[in-house]
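Below, in structure tokens: the form predicted on its own, a single chain.
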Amino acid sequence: MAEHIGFIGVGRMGDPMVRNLLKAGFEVTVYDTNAAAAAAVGAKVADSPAAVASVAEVVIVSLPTPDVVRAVALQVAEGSKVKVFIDVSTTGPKMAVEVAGLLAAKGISAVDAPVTGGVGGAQKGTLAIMVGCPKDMLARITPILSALGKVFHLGENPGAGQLMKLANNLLSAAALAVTSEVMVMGVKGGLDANVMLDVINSGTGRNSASVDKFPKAILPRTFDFGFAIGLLLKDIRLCMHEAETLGVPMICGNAIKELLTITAMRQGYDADFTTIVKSVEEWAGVEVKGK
């Protein structure tokens, strides 16, 4: 008989993850503050996080901010059946350690397992899942998480997966920021945006922004890649805080944070993160458009 999995948070990432769990044969009960989103995913629906945690030993959460994760973890702890709490959100190491401590007091094991790969990876089941947990727990949860993507064990302590996720997201933001700058520079100097991308993607400048974000969401001017700039800014702020705690200088990282902050203030925190190019365009007085 298939294991019963609880899942809380069926937004852009959570929805396809639940669908892949169902496709893999798991029974799934979900909860989301958006009742319509919960009903649309095709799983059983509970009326609270505690209710989800009363029907499933393993509860996965995909939530927007560290404070929301903490609040939901406390509600999950009131469930009568839950034994394992897996957080696939991006909360940072500090919150992962705090949540692990809160849940340990209730006899619940916490696993931080943030993901990368975007909505496309969630839909295809090809996410990279960065796990921080003891090895015996890794063996327990890998068959479940493998339905969502490839599992990487970063360490046994809470927060190990979160640290890796912050590093990854800073690199992703850096690629988007600097590619925005060079593309605007080229266009203002008279270069064709499409030819620029062809050259970049054929040489050493190739990166995640030039391969995916620019051709899919920036050159067409759709700005719909699927991740809010406010959420990316949250991740980069968490990364800067962690770097400061560890005593690591983040000269480039802080510059990226400032550019993200300006964009969020001008475009709105809910705007797609690809709108970062608009901040550079406004200063330069040109737009990067495809043919």
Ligand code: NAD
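In this text, all values refer to a predicted model and were calculated from it rather than measured experimentally. Numbering starts at 1 and follows the sequence shown.
Not pictured, yet referred to below: the form predicted together with ligand NAD.
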item	value
Interface stretch in the predicted bound form with ligand NAD - options 203 to 211, 185 to 193, 216 to 224, 110 to 118, non-hydrogen atom within 4.5 Å	110 to 118
Contact test in the predicted bound form: Gly11 vs ligand NAD, heavy atoms, 4.5 Å	yes
Distance check, Ser62 to ligand NAD in the predicted bound form, heavy atom within 4.5 Å	yes
Contact of Leu231 with ligand NAD in the predicted bound form (heavy atom, 4.5 Å)	yes
Distance check, Val76 to ligand NAD in the predicted bound form, heavy atom within 4.5 Å	no
4.5 Å heavy atom contact with ligand NAD in the predicted bound form for all of Thr33, Val72 and Asp235	yes
